[in-house]
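Taking the form predicted alone, here's one chain by itself in structure tokens.
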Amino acid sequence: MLRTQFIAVAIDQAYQRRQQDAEGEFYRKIAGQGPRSNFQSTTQGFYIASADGTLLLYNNNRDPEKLNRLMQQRLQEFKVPSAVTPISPGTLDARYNPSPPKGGCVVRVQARVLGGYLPTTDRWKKIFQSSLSRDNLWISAAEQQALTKGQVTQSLQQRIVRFHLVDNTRGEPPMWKKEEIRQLKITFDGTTLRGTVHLETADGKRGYEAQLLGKIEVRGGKVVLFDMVADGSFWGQGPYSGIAPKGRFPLAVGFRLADGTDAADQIPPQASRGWVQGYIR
């Protein structure tokens, strides 16, 4: 149904509900007809709307069988609007339409908890326990040039550690603060990257101790291979990443250079939300 009878769009509503442009206005028109019409807080959920912006369904249940049933019901009730006025894109709100840095590169980042969960028969807990997260690391042009010279800049080291060595397998995690970097040592000989990292909050309730190992290749002044993994012991959770294993548990974070074939390669890093300049500085 999604492929043949709907136009499927996945967005980050934290952007669209704030955007001051035609896209943001259209989204707020749709979402404003639902129960989450306060755009100062989250409007997340599933929306079905007609081309003129008439809301046909709002639901925030993750059960695919229920969503499938609701979609079929709305298809039976749907009537094609008599006329729909085309929307002019106009000027995009640059703050919420960031693009990967020119001359830089995008690295896909995925994390997974490798053990520590208690056995469960709960369907949803099983899904969370085996989940593989997805994010993007942005590397600037200057940082890529430094890599071609055998150097890993402090800015790149800090960005990897603070914003990507996180447990985002069950929800949106808190990012690390500068002062929570207890130890960071990275060496790079032009091909092999090795490192040791210790991250920990002031109260000691959340932390990550890991080893880094990676291989980087450059050709023609560009990075053509960026394979790296952080493997270590994590503990704790955030307000939106609950039900973590108790105590310390193994967490691995993998990095691989994106080739641009996936539309998701253009998605901004989660930590850049609303402050790209702060993320990529």
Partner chain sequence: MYRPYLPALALTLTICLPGFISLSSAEEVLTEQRFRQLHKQLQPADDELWRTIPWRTSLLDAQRRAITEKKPIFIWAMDGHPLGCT
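Keep in mind it's a predicted model, so treat the numbers as computed, not measured. Positions refer to the first chain, counted from 1.
The form predicted together with the partner chain exists for this protein as well; it is not shown, and the discussion that follows is about that form.
Check your understanding: Can any non-hydrogen atom of P101 be found within 4.5 angstroms of the partner chain in the model of the complex?
Key -> No, P101 sits far enough from the partner chain in the model of the complex that none of its heavy atoms falls within 4.5 Å.
Point to revise | A252 within 4.5 Å of the partner chain in the model of the complex, heavy atoms | key: Answer yes; at least one heavy atom of A252 falls within 4.5 Å of the partner chain in the model of the complex.
Check your understanding: Do P174 and the partner chain come within 4.5 Å of each other in the model of the complex, heavy atoms counted?
Key -> Flag for P174 set to no.
Practice item. With heavy atoms only and a cut-off of 4.5 Å, decide whether Q13 touches the partner chain in the model of the complex. Key: Yes.
Review point. Of these, 145 to 153, 117 to 125, 198 to 206, 83 to 91, which stretch puts a heavy atom within 4.5 angstroms of the partner chain in the model of the complex?
Key: In short, 83 to 91.
Check your understanding: Of 253 to 267, which residues get within 4.5 Å of the partner chain in the model of the complex if you count heavy atoms?
Key -> Counting only heavy atoms within 4.5 Å of the partner chain in the model of the complex, the contacting residues of 253 to 267 are V253, G254, F255, R256, D262, A263, A264, Q266, I267.
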